[in-house]
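This document starts with one chain, in the form predicted alone, laid out as structure tokens.
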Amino acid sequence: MPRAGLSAERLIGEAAELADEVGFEQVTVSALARRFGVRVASLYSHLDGSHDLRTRIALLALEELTDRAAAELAGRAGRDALVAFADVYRDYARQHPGRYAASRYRLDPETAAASAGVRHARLLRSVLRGYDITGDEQTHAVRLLGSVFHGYVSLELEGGFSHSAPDSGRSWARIVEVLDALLRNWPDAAQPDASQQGS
């Protein structure tokens, strides 16, 4: 029977806070029970285990990140939209490192398809429409941006840029500026060499 005062929403919210404090990988049902000062069994009326707990934190993080991006992108296009999207991504990771890690948690296909991650991907594609990049080229651009954003943020969170100048924030701004220039001058897809066809 569910313990009075506990709910799935409260548990997930507290678990997300715990993730930010100690790291996403350290969040388990046992750790959450200790935080509430209850027995582990008390939580199983709301959770199916640590995988279910981490999945729910991931879904919360994706929703928060997507809502922030949607709010910042409203009325923006082109470079302004790219900067806004990129900064939301970095700011969220810096403010909520555990939640950010959760947003990268592998979800099963059905859960992923119903998550805010789908809306997040659409928002990034809407940014790219301002650069007139379509079709497969748009997918390439999405993967490029995702790789740069995640790679930079991950290294920054690990302290990879903390011992050298210039400040990592300046590098971030410059990188986004370079990405904007690249997207505005996105090269045409290379055509197969006719001399190589049929060989």
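We number the residues from 1 along the sequence you see. This one's a predicted model, so the numbers in the text were calculated from it and none came from an experiment.
The same protein also exists as the form predicted together with a further copy of the same chain; that form is not shown, yet it is the one meant from here on.
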Inset, instruction - Decide whether D167 counts as a contact residue for a further copy of the same chain in the predicted bound form under a heavy atom distance cut-off of 4.5 Å. - result: yes
Legend entry - L157 within 4.5 Å of a further copy of the same chain in the predicted bound form, heavy atoms: yes
Legend entry - H150, heavy atom within 4.5 angstroms of a further copy of the same chain in the predicted bound form: yes
Legend entry - 4.5 angstroms heavy atom contact with a further copy of the same chain in the predicted bound form for E21: no
Legend entry - Answer range among 65-73, 48-56, 31-39, 142-150 for contact with a further copy of the same chain, defined in the predicted bound form as heavy atoms within 4.5 Å: 142-150
Inset, instruction - Report yes if all three of E110, A116 and Y131 come within 4.5 Å of a further copy of the same chain in the predicted bound form by some heavy atom, otherwise no. - result: no
